[in-house]
Each structure stands twice: as structure tokens, then as C-alpha cells.
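Shown here is one chain on its own, the form predicted alone, set out as C-alpha cells.
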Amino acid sequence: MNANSAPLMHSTTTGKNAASENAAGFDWWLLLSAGALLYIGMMMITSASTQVGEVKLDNPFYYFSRHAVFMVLGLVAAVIVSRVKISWWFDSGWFLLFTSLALLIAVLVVGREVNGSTRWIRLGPVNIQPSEIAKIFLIGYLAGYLVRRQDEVRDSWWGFFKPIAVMFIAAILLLIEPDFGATVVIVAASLGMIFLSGAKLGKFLVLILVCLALGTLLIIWKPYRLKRLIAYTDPWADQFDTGYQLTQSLIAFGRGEWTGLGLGQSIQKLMFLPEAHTDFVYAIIAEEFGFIGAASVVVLFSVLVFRGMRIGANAEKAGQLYSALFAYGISLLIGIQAFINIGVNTGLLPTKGLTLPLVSYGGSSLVMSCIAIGILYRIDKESRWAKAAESADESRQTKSKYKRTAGPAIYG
């Protein structure tokens, strides 16, 4: 597609193709997998947080009630976003970028520090985590840039590195908080989008090497990151200090075996495993539902990410390049974050503070994850509408041609 042509972000609907729109349907697998993960999250937050809620706040259902409120807000936000045309996101690229950077700067100025990190802005009874908002907004901006400057990104080194420079600024702000996990997720998703946009392989490999070198420097630069990495290689060597969280998580997996101890029967959630209802809720799922339950969550995320990428591919076939890249970026965000969280819980990756999308406790993460699903739903609907309209046009053209050529022979 010519990048200078209108990127066919959405199809205009009229009364003529209303019936086609209604018949186009939507991706049931996307909604079912997302809904199942939300349900699992609600169930597991209830189970994993009762003890910590009772001990710290004298209310065993404190976290459950807040999670329920955030889930309702997230679902309402998803419905609202699903009504917004994708063209609005494309036209609002600069707004998305400046809002993201403004939020990341604001949290450093007026943010609330928790466990040594300044990641939250307190607004009355709730804490807003700007990095969660920035993830979606930056991906929306980057998709628009890659569409507008498609030829430049492919053919020019300067054009290739300009969007990387923007993401680098956001990454620096995230590292100052510090939020190394969010940085990795955003950078990895951005790299994936740039690759899928058609960037040449040689440039992409150079970029990968640069990112790996910078990542290594960042790990060495901060002693606590290096300490975590060393502890990850053998957590049992220091199981009561640097390896404590991972060893407790692994114990939960060991207790769960194949079928688990049963809902509510976890031992590790009884103040043994820190962050059992947030970053390490997957370990509690494994303990209470065993390998079968843990594997089911992996399957659900695989379905969700696959359907998201499929939605992007369908949008690209319909000529909606911006929608396609946006869908790819959102799918990569969800998939990469889920992969890192599960990898951390199982000891495959060093410990890093990242929630499990749609499952873990955390208002900003939950609401923005729901919004991401709402955007994917809208992209799917618009590409289906475009396909239905195209089929209707082809049908009318075929009928018109048939009448012109066959009509006189039949009625003559």
C-alpha cells in the first residue's frame, strides 16, 4: 500500500450496507477468551487476597470489592471505546504521544512512592499508574507514524530510527520511576510493530543488537537488577533473601501438582508468597488448580493473542493498515506482558514486577486491558464492515454486468 494514500482506517457505513454490517458478526473467540480470563481473575483475587486483606486492613474482601469495581469500570470503558472509530486514534496521534509523555513526567513530579518506585499518581481513593495508559497510547501513536512514514521507515536509516528515538524518551522516563518491566514490554511491542510494518531485516537486526546492549548495561548499572538476575539462576542458594519470592512461587507450583489443592486451599497465599494477588497470582492458580489450571490460563492467553493478531491480519487484507498495526501492537503488549509474568512465576525469567493482564489485581492494569480488548473489537468490526461492503459492491457490479450482457439474450 502507498503510505501517502489514505490508510483506509475505517469504512463509512450507510443504510445500503446496514444489513451487511449486522450480518458481519464479531470475533467470539476474542471475547470468550477475554471474558474467561476476567472471570478467573475475579475468582483468584477473591481467593488470594482474603488473608492479606484481613491482616492488613481488617477486611478479607477489601481487594475483591475494589477489583470488582475496577472490572465494572473496565467493562464500561471497553464498551465506550468500542464505539469510537479507529480513525479517531489515527487522527489523535500527537495527542496520544504528548499525553503519554506528560503522564510519565507528572508521575515523577507528584507521584506516590511504593516499595522504592514512583509509579502511581493518587487521585482521591484510587491510584493511577501512568505507564499502563502510556502503553496503549504510545502503541496508537507508533502505528500512525508507521503508516504516515511507511516508505521513509523502510528506505531511510533516519526514518527508521525516528520512532525509536520517541520510544527511547518514553523508556528513559519509565526507567527513572523505575519501571523496568513496563519498559521491556513497550520496547518489545514497538520492535514487533516496526518489523511487521515492513522494515528491512538488516535494520531490524541492528536495532535488536542495540537494544540487547542497552538492556545489558541497564542491568549492570543498577546493582539490585544484577542481584535479581543472579538470584534467578539459583534462587535456592539464597532462599530467604534475594531468592525468597521465586522459591515461594515454585513451592506453590509444587504443591499444586496436576489438579491442585482446590479453590481457596492455597497455603502460599497465607502471607508466605508476597504479592500473591498481584504479580504472583499465577502461582496461586497453579497451587489451587494444578498444572491443568495453569495450562488453561496459558491456552486462554494464546487464543486471545492469536485472535488479536488474526484481527490485525484481516484488517491489513481489508486495506486498513493503521488498524492492522494497532491490533498487532495491542496483541503484542498483552502477549509479551503475559509471557513475562508467567515466566517470572515459573522461574523462567528473573523476577520483575508486572501484572498478569485481565487477571491480576490492579485498577489501572485491569481497566486498560479491558480498553485494549474494546479497541480490538472495534478494529474487527470495522474490517468486517469493509469486507461486507466490498462483497456487496462486487455483487452489485456482477448483477449490473449480467443485466447488460445477458439481459437482451434472455428477453429479446
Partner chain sequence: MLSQIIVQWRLWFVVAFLFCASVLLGARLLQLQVMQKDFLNEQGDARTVRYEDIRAHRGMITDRNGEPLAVSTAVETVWMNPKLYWKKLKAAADENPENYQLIRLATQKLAQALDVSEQSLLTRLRENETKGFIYLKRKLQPAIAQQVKDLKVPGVFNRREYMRYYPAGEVATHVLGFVNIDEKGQEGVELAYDEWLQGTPGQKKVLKDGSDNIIKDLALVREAEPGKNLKLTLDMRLQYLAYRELKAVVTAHQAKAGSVVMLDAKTGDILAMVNQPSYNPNNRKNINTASLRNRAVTDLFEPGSTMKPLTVAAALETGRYSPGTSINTSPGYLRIGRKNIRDHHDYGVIDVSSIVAKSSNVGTSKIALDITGDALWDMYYRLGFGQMVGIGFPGEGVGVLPHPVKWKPLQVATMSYGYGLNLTALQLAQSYQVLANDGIKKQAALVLRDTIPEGDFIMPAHVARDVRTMLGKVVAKGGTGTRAQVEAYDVGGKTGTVHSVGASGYEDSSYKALFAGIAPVENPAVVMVVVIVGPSGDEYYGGEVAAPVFSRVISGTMRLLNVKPDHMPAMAESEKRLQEILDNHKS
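Here the structure is a predicted model, which is why all the values come from computation and not from measurement. Residue numbers count along the first chain shown, from 1.
Beyond the structure shown, there is the form predicted in complex with its partner chain, which is absent from this document and is the topic of what follows.
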Check your understanding: Looking in the model of the complex, is its partner chain within 4.5 angstroms of a heavy atom from every one of 175, 212 and 237?
Key -> no
**Study point:** Residue among 85, 203, 255, 162 with a heavy atom within 4.5 Å of its partner chain in the model of the complex
**Key:** 255
Study note, to complete from the structure: None of 74, 140, 111, 290 but one has a heavy atom within 4.5 Å of its partner chain in the model of the complex; the exception is 290
Review point. Out of the stretches listed (94-102, 163-171, 178-186, 147-155), which one is close to its partner chain in the model of the complex, meaning heavy atoms within 4.5 Å?
Key: 147-155
Exercise for review: Classify residue 316 as contacting or not contacting its partner chain in the model of the complex by the rule of any non-hydrogen atom within 4.5 angstroms, answering yes or no.
Suggested key: yes
**Study point:** Contact flag, residue 196 vs its partner chain in the model of the complex, heavy atom cut 4.5 Å
**Key:** yes
Check your understanding: Hey, in the model of the complex, does residue 286 get a heavy atom within 4.5 angstroms of its partner chain?
Key -> yes
Check your understanding: Does at least one non-hydrogen atom of residue 321 fall within 4.5 angstroms of its partner chain in the model of the complex?
Key -> yes
Practice item. Within 4.5 Å of its partner chain in the model of the complex, which residues of 284-309 have a heavy atom? Give them in sequence order, or say none. Key: 286, 290, 291, 294, 295, 298, 302, 305, 306, 309
